[in-house]
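In structure tokens, the next block holds one chain alone, the form predicted on its own.
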């Protein structure tokens, strides 16, 4: 049996925090978090990731009003994580720029940038929690992408993908159970029967979890409700192409 350690305990006890104390988070603390975050792997060491902190409280409130996430305006520190292929054009001659611009219009580079940003964001979250901070990551902030384009001076090839709120926790939401590993880790091939068994088991676990919160539902029912409730946004399908990431 693998012996537990502080890192494993921290990872297993993760909870998204959506309520923060009215207490500042220092620049030194955030620098330590991002140094650890950016020390991780990324696509070919292109390092196509940029975090932009939104410090204008009025803008944070506008984003909150647009996407209905109060933990943006109330967070001491709020960042937009971006795929950034613009930086790889800097210092290149015209011939190299032409090659790079052709390449980054293909889907593999958008995907590679998103994966790189996601790894960096996950590491930032772990680093923040190790220092006693709470965090929440959110894809829903992309509903405010028009505000980012208007306010953040984003060049071509720089596309926001996620939001990241950081602060000292003012809640203890508890750890949300996850699917059994048998439904998420496969050997040799994809096993549909294992997935079905894991989902059935997990539905029972989540029925108890939601029941403790006075909600009569389980994982599959809750997912069906969310998919129905959250509309598709065709603007977000077009947005990568507007940024020069043409998905060729």
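Numbering follows the first chain given and starts at 1. Here the structure is a predicted model, which means the values were calculated and not measured.
Heads up, the form predicted together with a small molecule isn't pictured, but that's what we're talking about next.
Checking 133, 147, 162, 154 for any heavy atom within 4.5 Å of the small molecule in the predicted bound form turns up a single hit: 162. Note on the partner interface in the predicted bound form: the residue among 69, 49, 54, 33 having a heavy atom within 4.5 angstroms of the small molecule is 69. In the predicted bound form, the small molecule sits beyond 4.5 Å of every heavy atom of residue 86. Residue 140 belongs to the set of residues with a heavy atom inside 4.5 Å of the small molecule in the predicted bound form. Although the partner is absent here, residue 237 lies well away from the small molecule in the predicted bound form, with no heavy atom inside 4.5 Å. The small molecule is not shown here, but in the predicted bound form it comes within 4.5 Å of a heavy atom of residue 14.
With the partner omitted here, the stretch from 56-64, 189-197, 35-43, 176-184 that lies within 4.5 Å of the small molecule by heavy atoms in the predicted bound form is 176-184.
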